[in-house]
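Next up is one chain by itself, shown in structure tokens, the form predicted alone.
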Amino acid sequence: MPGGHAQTLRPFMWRAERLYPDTEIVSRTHEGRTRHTYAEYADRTARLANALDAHGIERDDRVATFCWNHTRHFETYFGVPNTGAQLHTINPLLPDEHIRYIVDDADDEIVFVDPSLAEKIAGAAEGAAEFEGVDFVAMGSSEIDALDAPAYEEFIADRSTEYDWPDLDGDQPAGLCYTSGTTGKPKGVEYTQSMLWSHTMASQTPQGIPMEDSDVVMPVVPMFHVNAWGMPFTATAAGAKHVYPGPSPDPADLAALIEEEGVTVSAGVPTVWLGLREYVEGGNEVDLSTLDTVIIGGAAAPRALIEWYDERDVEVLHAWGMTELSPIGTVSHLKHDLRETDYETQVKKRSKQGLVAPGLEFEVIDEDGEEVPWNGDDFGELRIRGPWVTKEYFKRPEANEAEFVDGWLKTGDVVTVDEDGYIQLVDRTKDVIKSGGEWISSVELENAIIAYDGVSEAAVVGVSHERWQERPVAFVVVTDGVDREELVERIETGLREEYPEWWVPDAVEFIDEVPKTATGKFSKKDLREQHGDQSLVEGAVPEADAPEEE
């Protein structure tokens, strides 16, 4: 019996190989698209496992990847943890100092590197003690001389397609992912076999993000970030076809893959789907007829975006999660009694982060330490726990003490919960704006502003104010040809109709692009540093006197 009685990843691969041997795994590469069947994938994964054994990788050793989304990367998803080793996915967009830190902290034995990222990791590794003793493998058909890295195909060549997969315990470490470290050193989050099994099974429930064997699944969310939201595991468990978009896909690449591979389910941050919308509106013919569901997470899904995809019969499924949650925490499905309500009501619910996933519990705690009522108005910090929620950080006891309490993970997200149990993200605790003793949600203002025609991105931050403590300022990215003065007038008039006067930003400023974090989210810290001209707001505290951000 594969995997014994433990909750492990192995049965998912076993099932896909035997029930769906001819189902495809497709990758976009610089040389064109590659195709493998599940049967071929199983053989290649066994060859990888044998190659790791021959290289000296043992149980509990950590094997890292520095890769985009493609089939070879997917081979490590099962080929590494099913041997008892631990897969450490490294975000190549992190600063060099963070890369050095996490390779050293994880004590990686070997790093699989995409050729297009060789220069980046070589720069981080050059002369760095943290990389001493670390070996490299080039994820392709050619070696990388600068890293003394043999080609992946050479690494697994001539290895047996048979492998005696060990029976593993559910608590065996299987994965490792580090937070982006915007407020300090990145924190490592370990995923055990049972955490990934539980996350996959919960995803497959009707109130998770279920997939069928008829689905064609394309994770645009990076595989280096929280297991691509678990989609490679869920798609495999379902026996679905995989489509991997490769390095830095643009909207034209995604449109081609959707049309030509028949993609039915895809996922990514809002900027991905805003980009595809702009591509379509730019006059490009795109056939989205096979696309059923777009999963949006990482940042709030603007209502205008939900409505645009609805018009094209594509459901936007809003979800929320964290690295610490493997990552899915909530999904915004409509409850059965809401499915017959008017469209306005439904969109309001779907615009929220949604209902807690089956298997998790949560509570919302205010500044006084009291649990807030579910009324859609009162808010506090979200705390959560469950079988795929980490209970501690990797080698970080000081972070454990600060961010866990009585078994609950303190998420750092400020939320409300309505009477139906729908969670809505108000802000991150560090981004919520407090003006005159009252709270303003930057996220809600951003969603309202991005709904205006001509707005492609919007971010709202608080500026320190001598009288009101903080005041909001909106930074907006517009499409070509927009009358900016007229747009500002429309935004300010519309916000005054929808929100109290003191919510309306004191200034609307235009920028070329909202800075992003290493995981594609808006970086308000960088926005403040790059564009935080305090003179934009009358009564603002001068920069030198403003309180420092923690």
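On a predicted model such as this, the values are computed, not experimentally measured, just so you know. From 1 onward, residues are counted along the sequence shown.
Just so it is clear, the following notes concern the form predicted in complex with a small molecule, a form of the same protein that is not shown.
T323 is the sole member of T323, S464, S116, T264 with a non-hydrogen atom within 4.5 Å of the small molecule in the predicted complex. Residue-level contacts in the predicted complex: of P232, G208, P92, G298, one residue has a heavy atom within 4.5 Å of the small molecule, and it is G298. Interface membership of R383, defined by any non-hydrogen atom within 4.5 Å of the small molecule in the predicted complex, is ruled out. Residue contact check for T65: none of its heavy atoms lie within 4.5 Å of the small molecule in the predicted complex. Interface residue remark: T200 is not counted as part of the site for the small molecule in the predicted complex, having no heavy atom within 4.5 Å. Among heavy atoms of T519, some come within 4.5 Å of the small molecule in the predicted complex. In short, of 212-220, 411-419, 451-459, 160-168 it is 411-419 that has heavy atoms within 4.5 Å of the small molecule in the predicted complex. Using a 4.5 Å heavy atom cutoff, none of R303, R490 and L495 lies near the small molecule in the predicted complex.
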